[in-house]
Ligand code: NDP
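Consider the single chain below, provided in structure tokens and representing the form predicted alone.
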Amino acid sequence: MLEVINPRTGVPDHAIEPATRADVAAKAAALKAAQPAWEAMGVGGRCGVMARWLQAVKAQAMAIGEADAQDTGGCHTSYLQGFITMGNIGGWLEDAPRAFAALDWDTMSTSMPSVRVQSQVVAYPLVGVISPWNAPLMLALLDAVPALFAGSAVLLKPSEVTPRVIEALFATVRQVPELAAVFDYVAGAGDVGQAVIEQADTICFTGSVPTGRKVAVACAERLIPCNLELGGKDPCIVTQSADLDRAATAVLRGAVYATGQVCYSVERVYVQRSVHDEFVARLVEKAAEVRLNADNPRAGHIGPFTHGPQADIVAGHIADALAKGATIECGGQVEVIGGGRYLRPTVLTGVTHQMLIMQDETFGPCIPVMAYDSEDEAVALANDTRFGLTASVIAGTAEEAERIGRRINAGGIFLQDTFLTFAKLRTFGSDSFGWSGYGAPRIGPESLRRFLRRKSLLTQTGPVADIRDDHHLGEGA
């Protein structure tokens, strides 16, 4: 058995039985055997099944949220995870038929007018989803749900750090036999993820860059596709003309929400030098009002580190910054309360790009603030990173913010606010830059395309070409 630590107490209070390679292979075989019938239902038939699952999730939404909160240490979003899952499924009930219709093609060729060109899409039989410990349910289903609508079977390997919510979810899956036949999970650590890669036809992975590299290599060795989301070091630029109170409010939430354990958290802030000190003063004032939820998981604003060792990484970034000349304006010390590890919002000034806290993903409630002089310098600093997931710009006008935002190398650019990723969920997807990810967009109706292979059917409606006539080509030219 593998013990699971409670992030609020620091002691194990749950356990999982790790799957063996044989277990993974057996589940994969069963899922693949059931997948053809699932795909043969067509998108309409699958929508009918998924609508029944939606009702099962609705009945257990509160329990799912409680399990997510136990896994993560509790924050407002954790308790909403059952309802967020309902929104995910319900959104695809509307979007999947339209997404399939957009892939349908039936026309005559423009290069060979006598040839009819038709399209067909075929689902990958088995999609392997390897999901992380932060937002464990939401990030698992961001890939699994559209894959199921596409007609694939899905084998999920959740993080061994946060297994409780997945167990709660699959209590609802088992209420829908057709879905349970094509959707299953295996528990365990990294070796179980490796076993999933050995069995799947395509992989979706969310996690760290080092592990993402290993996943990419393993998929390349099998010549199967993979989609990777690997985090960010997301900047926010605050201009001289910005409303500093608004900017400080947006930056604080964007940096410390969910204890900063979000891939698109604000991790670097660049403020025009003339307003730098005033911005920092407002930010520190607002940060002082943020409360920990140590006394009550449903109260307070930020919780403990979901994965205790992450606190050591964050503390290391802070120590490195201090050793290289940074100043802590507030926060800065990891606190152990009731066995959980907490960090209050930590604002640092005097930071440079020679510090880890400005280069590597911190994944904690830290807000390093750096002054800049010109717009060109701000853009250069924002782009001085190996990552490129999201970025934010807060300026005096939306037009000014957009002008700057268009120069930043990131997949999602938030203007006049931070943390706006959810606004594009059902509109369109965006690509990641640099180390932040690889593969097709995972958000928007077109993200369904990740799980489908397109075929072309070409029908000759006119006479066939005769090789004996080939020597006449070009005559009379």
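Computed from a prediction, not measured in an experiment: that's the story for all the values here. When you see a residue number, it is the position in the sequence shown, counting from 1.
Not pictured, yet referred to below: the form predicted together with the ligand.
Every member of the trio S131, E361 and R442 reaches the ligand in the model of the complex with some non-hydrogen atom inside 4.5 Å. Distance criterion of 4.5 Å from any heavy atom to the ligand in the model of the complex singles out G188 from the list G188, G303, G82, P345. Screening G207, G331, G254, G405 for any heavy atom within 4.5 Å of the ligand in the model of the complex leaves a single hit, G207. Taking the partner from the other structure, the ligand in the model of the complex has no heavy atom within 4.5 Å of any heavy atom of E400. In the model of the complex, S159 approaches the ligand with a heavy atom inside 4.5 Å.
Mapping the unseen interface onto this chain, Q175 falls outside it, with no heavy atom inside 4.5 Å of the ligand in the model of the complex. At least one heavy atom of G193 is located within 4.5 Å of the ligand in the model of the complex. Look at 320 to 328, 275 to 283, 111 to 119, 226 to 234: in the model of the complex, residues with non-hydrogen atoms within 4.5 angstroms of the ligand sit in 226 to 234.
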